[in-house]
Each structure stands twice: as C-alpha cells, then as structure tokens.
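This document starts with one chain, in the form predicted alone, laid out as structure tokens.
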Amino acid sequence: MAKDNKQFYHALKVSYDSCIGCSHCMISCPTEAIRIREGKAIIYENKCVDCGECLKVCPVYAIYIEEDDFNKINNYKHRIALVPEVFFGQFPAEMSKKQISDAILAFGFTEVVEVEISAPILAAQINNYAAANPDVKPLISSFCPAIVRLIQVKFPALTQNIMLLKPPIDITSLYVRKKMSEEGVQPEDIGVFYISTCAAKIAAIKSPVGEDISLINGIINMDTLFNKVFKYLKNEKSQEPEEVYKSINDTFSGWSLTSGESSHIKGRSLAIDGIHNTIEILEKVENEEIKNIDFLELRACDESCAGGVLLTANRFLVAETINNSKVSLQEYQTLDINHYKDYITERMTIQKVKPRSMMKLDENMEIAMMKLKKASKILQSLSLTDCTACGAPNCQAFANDIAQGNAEINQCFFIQRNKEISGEITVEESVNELKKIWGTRKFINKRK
C-alpha cells in the first residue's frame, strides 16, 4: 500500500525574517492554506498544494522554494539531468539545444535526458487506460502534481477520476535507470536529478502520491540551473565535454504546454490551465453541470509548465519557441526509449490516489460533526464581510479555525468593536487581539 503520510512534504517555505504580513499570499491562495499570525504568514500544511500562487504575489520575496544542494550530484558516478522541454525554450535562438546541453554537462552532469521523450509511450497508454475504464469519466490527467493534490484536498470525491499512470518525469527516470543497468552500471552509482519547473513537482518527488518512493535522487530548481547555463554560454566558455552521451534529441514534443497532452487523447477532451480556472471546472464536474467529457488535462500554471514559477523567461515566449520547434509524437518513434516500451508499460501504473479533504475537521466522525455545528453557529455571529482583519482569508475559514481551536472569536474586528461599545473589553484589549494577528510593528505610534 502507498504511504498515507499525515502531512505532505512542501517545497514552499516562508522566510519569517523577510515576511511583512501583508496578506497578499493569504488572499491569493486557492485552498485557503495561509493565515497571518503575529505579523507573519503561516502555511497550513494539510491544505497547501504547492501551486506557487503565494510566491507570485509576495512583494518582498519572503516565500521561496526549497531545493537540494547542487553538490549532491557529486555523490554519484553517473549523474543524469532530467531536463523538461521548457528549460530549453527559455534560451534565445542563437543558443542551440546542443550548446545548452553541453553547458549542463560542463557543470558536472554526465548525461542530459529530455523528460518528454516518454510522451509517445504515455499517450498510447492513456488511450488504452481510457478504453479499459469506460465508466471513469472524465478521466483526469495525473501530469500536474499540484492538481492531483488539489483534488485530494478540495475535491476528494474526484480522486477516483485521476488516471493511475505515471507522468513523464517518472517514466523517463524508469527508462534511464533500466538502460544504465543494462550497460552494467550499479544502481547505487546512478543519480537522477530533475530540473524542476515548480514547487509542486519538488513536493511530488519528496513525497510521491500513489507510490512509495520516487526514482529521482534530487531536484535542482530551474532558475538556478538556467542562470548558471545562460551566464556560461554568454561568456562563451562552452567547451566540448570529454564524455557526451547521445540521448539528448533535437526536438520538442509540446507535451508540457496547454493542450499538449489532451490533443493526443481520443474522445472529447478539455485542456484547462491556471489553478483558479481549474477549480471552476472541477466544481462544475463535481456538481455534474458539465457532462460527456472523456478527458481533462488540468494544469495549475498559466500556459502549463511554460508558466512554472521557477522559469525565468516569459511564459508566452517559451510556449512560442516550443510550438515553433516541436515535431509530431510519431517522429519520436526512432528514439532509443522505444526499445524499452514493454518494460516501461508494465511498470507505468500507480496506486490508488487517496482523498485527503481539507474540509475534514477531525478524524473522528462524531467529533467532526460537533466541530461542524460549532463552526456553523460561529459563522452566524460574524459579519460575513470577508475583510481578512482576523488573519484568515474569509469568515468561513475563520469560523473553521475557531472550531479547530486555532483562533478566537475576539479576533474578529467587528466583534471587537461591538464589545468595546458594550464595555465588555477595553480598547487596549482589543488592540492586543489585533497584535496577535498582525504583530506589534503595525501598531507603533510613528507620530513625533
């Protein structure tokens, strides 16, 4: 059975020294996973899906994405960089894919492999999977880990619709390890490192959903490697490495762009990008407002992986570069990975994805119902203005926090004012409640 951890691993972190408690992140979070306490943002780990929306809006860069130490690659004799096509799409036209690949090798890797080389095999298997599961409609892609987690926590009833097939990153890693083992390389000498486009993919590698362990040994944030490679090429110091593996191909698939996956799936498909757009569609699917959809390609980022938060270049320009360079999946049939097709297809499935509803107030059903009633009663006493002065994104979330013991009713700005008027609390007590949320710095008298 797959591990059912109490908490997800999260790549998104908050630098409390930098955070100013502005609430931008809290308001933008699609799963209401952020609160403001003592003037700092905190993340409720059971609700966070690592989509990166908070990182995009932080004005002081207090939210960041954790990555492995680059020097970790030196722990292995064979160091494989799994590079998504969007990485290459960021570079100007005068920098060829071979030059970019050679630069990556110059930084210590022994092989560069493009992640999307497994896309043709996956496309065929998705169609086979759909044919074998005709009652599962819509079938939902498992490509984007932020969406998989979003469904787990916000739309738990739809976890049964997620297709139980590995995404390209895992399939390509499977291929690389098999190929190298046949070449006589010992498993402990193989280090596979993914150049990540986003926090969600890092989280999926650190704590996989539907699998016990990941085949990836480490993660390098894409912006980190891009900056290294771009500077290297700009300085014209690129040299031909002594040993260059030939697995890198000179084509793009477009699989990681919007419609890149769904365009190869039979039946009626929809391709939705942007996490808020995705939530809107999932709500309609859950409420059975839209029907007769065979396949849903859902991506958390605008323009899919071209809009990943760890990309440096403009997402539209990256998408244009890939679209102008890609070839059909049929032209990929000459790639070496096809020699391992049978081996891969036998190992492509993942275990059932379990729901982890963020709305669950307690594991004990009786206690959960009591908390639900309490939250409902509390909500009736609130202003329902969703002003966020309480440090929660809206009144419903605040009521749930109180029911869970994570907040107090006096933290509501309007209740404070009413109690001040009635004499139940003093102005000083009211201000002290606000200081618990927004910190003392915002209440310093700056008048001379």
Partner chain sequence: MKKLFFEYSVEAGNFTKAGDASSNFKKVLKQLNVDPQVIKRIVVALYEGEVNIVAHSVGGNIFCNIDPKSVNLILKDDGPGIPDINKAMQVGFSTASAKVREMGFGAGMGLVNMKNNVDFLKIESEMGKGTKVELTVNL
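Values in this document were obtained by computation on a predicted structure and should not be read as measured data. Heads up, when I say rigid core I mean the largest set of C-alphas that superpose within 1.5 Å between the two forms. Residue numbers count along the first chain shown, from 1.
The same protein also exists as the form predicted together with its partner chain; that form is not shown, yet it is the one meant from here on.
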Of 338 to 346, 302 to 310, 289 to 297, 100 to 108, which is the one stretch near its partner chain in the predicted bound form, taking non-hydrogen atoms within 4.5 angstroms as near? 289 to 297
Candidate from 136, 370, 317, 185 lying within 4.5 Å of its partner chain in the predicted bound form - any heavy atom: 370
Just give me the single entry in 160, 96, 127, 207 that has a non-hydrogen atom within 4.5 angstroms of its partner chain in the predicted bound form. 160
Site check 359, 363 and 366: each within 4.5 Å of its partner chain in the predicted bound form by heavy atom: yes
Within 4.5 Å, heavy atoms only: does residue 383 come near its partner chain in the predicted bound form? no
Under a 4.5 Å heavy atom criterion, is residue 226 part of the interface with its partner chain in the predicted bound form? no
Indicate whether its partner chain has at least one heavy atom within 4.5 Å of a heavy atom of residue 156 in the predicted bound form. yes
Touches its partner chain in the predicted bound form: residue 418 (any heavy atom, 4.5 Å): no
Within 4.5 Å of its partner chain in the predicted bound form, counting any non-hydrogen atom, which residues from 400 to 439 show up? 400
If we fit on the core, is the Cα of residue 379 displaced 2 Å or more between this form and the one not shown? yes
Is residue 361 one of the residues whose Cα moves 2 Å or more between this form and the one not shown, with the core superposed? yes
